[in-house]
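Starting off, we have a lone chain in the form predicted alone, written out as structure tokens.
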């Protein structure tokens, strides 16, 4: 009888074990390496280091390899990544701009894992705005975890300098053109510019001002030709803006162009709000008093956004470690540790705004009420093929200033890369 009872208890115990939920690898059970591939270096490094510190706290036995490739907007990193991905040596996870930069390149090539399982497990279908989830997904899956929301179309200045020069931040390009000659007379560059990608960055804000949001969106939907009358006019306006930029732009980084504004050699700089992180963290300036901002001229009610994100490449050498990294990135804790240092706002709807500076609070408010449009220069609206070709179009325009030729060339690369007909 006693043996029968023991057998019954043993069977019941096995049944109970089978009914328990299957658990994933515990935090302290993870080991080995985690290679994180990004272009966050220098002044953007502290934000990434804050995430790595959090990850190490959760997973102390994992050796984190910070594989950073320097270069503004990821120009150099993308070239290295392409070699590795095509060579069958992907990193465990890599930084990429959310939207077509990833989907039109590596998802299309079937090199990425679907992350829908992680979004459901972590409750992110509700934590991230529905529109953003749609942007980073297709009908076949969700492909990356957004770390932040950046605003592309911001005009930066130093309030004390403007007061000294007797000018105000421009609300329109007409305002800018009225004050620009006066600034040049004082030996001040009206608008600081840097290397080629920052010209692409400036172009998108100018084009948005010229076209308006509906026509801007129509460009990327193939409903408005780049060489239409409206498309040509955007290049005409851009050419006029370039007349008031610095001659040494091609030799400068975006940080150096921002330094021109800080030092009083230039009045304004149109740059994404990672500049807020640079100005507050590196330059130690207070938002509002030390540095100021307005939307890029004629962009007042429009928020041109981009989002940095990380995905999971197929063949990730340390897949479990990579998934744990992605789980941290999408968490409220990770988001609120990273974004205040980066100068961006959280992609989550439940972030703790008390941890953010005045710039970030204003950006969050604008994101909630402005018309949202996608950035070209940072991978939202077009695939990487178009972006690479557009850099050549920009190079041509910077030399020739021929609006008709640039618009025609832009239309040709649009067709080549599957935008329009």
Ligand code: GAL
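Model, not experiment: these values are computed from the prediction. Positions refer to the first chain, counted from 1.
The same protein also has a form predicted in complex with the named molecule, omitted here; what follows describes it.
Exercise. When you measure heavy atoms, are 59, 91 and 318 every one within 4.5 angstroms of the named molecule in the model of the complex?
Worked result: No: no residue has a heavy atom within 4.5 Å of the partner.
Exercise. At the 4.5 Å heavy atom threshold, is residue 72 in contact with the named molecule in the model of the complex?
Worked result: Answer yes; at least one heavy atom of residue 72 falls within 4.5 Å of the named molecule in the model of the complex.
Problem set entry | Contact of residue 151 with the named molecule in the model of the complex (heavy atom, 4.5 Å) | Because no heavy atom of residue 151 falls inside 4.5 Å of the named molecule in the model of the complex, the answer is no.
Exercise. Taking the shortest heavy atom distance, is residue 306 within 4.5 Å of the named molecule in the model of the complex?
Worked result: Close contact exists here: in the model of the complex, residue 306 approaches the named molecule to within 4.5 Å, heavy atoms only.
Problem set entry | Distance check, residue 244 to the named molecule in the model of the complex, heavy atom within 4.5 Å | Output for residue 244 is no: heavy atoms all beyond 4.5 Å of the named molecule.
For this session: Can you check 180 to 188, 207 to 215, 93 to 101, 128 to 136 and let me know which stretch has heavy atoms within 4.5 Å of the named molecule in the model of the complex?
Result: Partner-contacting stretch among the options: 93 to 101.
Problem set entry | Partner-contacting position among 106, 157, 197, 176 - heavy atom within 4.5 Å of the named molecule in the model of the complex | None of the other options qualify; the answer is 197.
For this session: With the named molecule left out of view, choose which of 274, 268, 310, 226 has a non-hydrogen atom within 4.5 angstroms of it in the model of the complex.
Result: Residue within 4.5 Å of the partner: 274.
Exercise. Which residues within 337 to 374 place at least one heavy atom within 4.5 Å of the named molecule in the model of the complex?
Worked result: Only 342 sits within 4.5 Å of the partner.
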